[in-house]
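Shown here is one chain on its own, the form predicted alone, set out as structure tokens.
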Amino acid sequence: MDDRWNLLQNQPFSRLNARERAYAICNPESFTELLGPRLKLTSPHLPPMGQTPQFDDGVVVGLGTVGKAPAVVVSQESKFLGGGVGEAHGTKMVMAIRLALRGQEILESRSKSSESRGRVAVVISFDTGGVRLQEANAGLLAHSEVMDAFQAARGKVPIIGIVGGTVGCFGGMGFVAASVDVLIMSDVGRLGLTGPGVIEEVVGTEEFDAANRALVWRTTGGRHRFITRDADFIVEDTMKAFREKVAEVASWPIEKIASKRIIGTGEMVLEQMRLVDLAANDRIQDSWDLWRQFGNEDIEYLWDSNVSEFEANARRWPRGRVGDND
């Protein structure tokens, strides 16, 4: 067994870099990186703006196996320009999804039995502030192309997203993460459209204090996203916990995976709008008010409990029937 792989399994997911996450989310010794640093794939837009490029452009892509499933893995590096997405970064993400689709086609051509041929999965580790400001137009285009690739993969290749890094997942990538089939978060992970610092700058400290860590995490953190069903699962902040949950989901039938999506059809958009309307209600002044609306009473106990207790006791958004339990 690979000693390095074993060591990484017990490490906090939030402390690992993109390459370590990509390597350790796969089965031991199964990960092979594609378009690695030796190929020196860099953004053409950064040097003219005085920025030093990175040879993988802040995203690691490779092949491996997760559980019994062949997988294409995408892992973003927040330490390079905050995980911002530009032209090369986005292209690697799109091509990874297309590679998975091509791999699935090959598997299907070799076997007529769906049980014997297996299914390719795409695993994306999000750790990004969104569009890279130095190449904003290219970054915005990349976001739309990634979401378009998700739609092309729908019902064919499962897209499994994970959020647990130090930056979290914000900006346009928040939309992208919401578009995957299944999203897994840790309780230290964060997900949102606009980052806390930007909210504070626009509306002021009295409305939203970005220095208030408790406020930030109960508004954008994994526990809140689990209750509102933006995240399907919440796990401990360990590499092992993420890997085991990804392997479990990758083993599901494609129909079960596709049923978890919250974005992609007109009906799903209307369902999300119901939650927006509820959150905009005058009675909802804080995320915990929303928790109470769903039937959670001992909020402080939920907040302070460990992840397994929280998952077992939290009452989640009942999808269109506010006030009912699951």
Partner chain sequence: MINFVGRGRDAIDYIVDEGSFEENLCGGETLDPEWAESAVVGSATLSGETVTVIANDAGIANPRFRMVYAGLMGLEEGFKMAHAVYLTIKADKDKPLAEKRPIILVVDTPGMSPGKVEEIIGIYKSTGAYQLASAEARRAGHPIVAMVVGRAISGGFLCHGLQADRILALSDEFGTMVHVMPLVGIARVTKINIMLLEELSEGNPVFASGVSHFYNLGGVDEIIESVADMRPRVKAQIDEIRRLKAAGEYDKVGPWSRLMSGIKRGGRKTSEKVIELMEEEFNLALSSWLGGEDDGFTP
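Numbering follows the first chain given and starts at 1. Here the structure is a predicted model, which means the values were calculated and not measured.
There is also a form predicted together with the partner chain; it is not shown, and the following applies to it.
Site annotation in the predicted complex: the residue of Val120, Val167, Val249, Met239 reaching within 4.5 Å of the partner chain with a heavy atom is Val120.
Contact annotation: Asp232 falls outside 4.5 Å of the partner chain in the predicted complex, judged by heavy atom distances.
Proximity of Ile199 to the partner chain in the predicted complex falls within the 4.5 Å heavy atom cutoff. Mapping the unseen interface onto this chain, Lys260 falls outside it, with no heavy atom inside 4.5 Å of the partner chain in the predicted complex. Although the partner is absent here, Ile160 is not a contact residue: none of its heavy atoms lies within 4.5 angstroms of the partner chain in the predicted complex. Shown without its partner, the chain has Leu191, Gly192, Leu193, Thr194, Ile199, Glu201, Val202, Val203, Glu207, Phe208 in segment 191-213 as residues with a non-hydrogen atom within 4.5 angstroms of the partner chain in the predicted complex.
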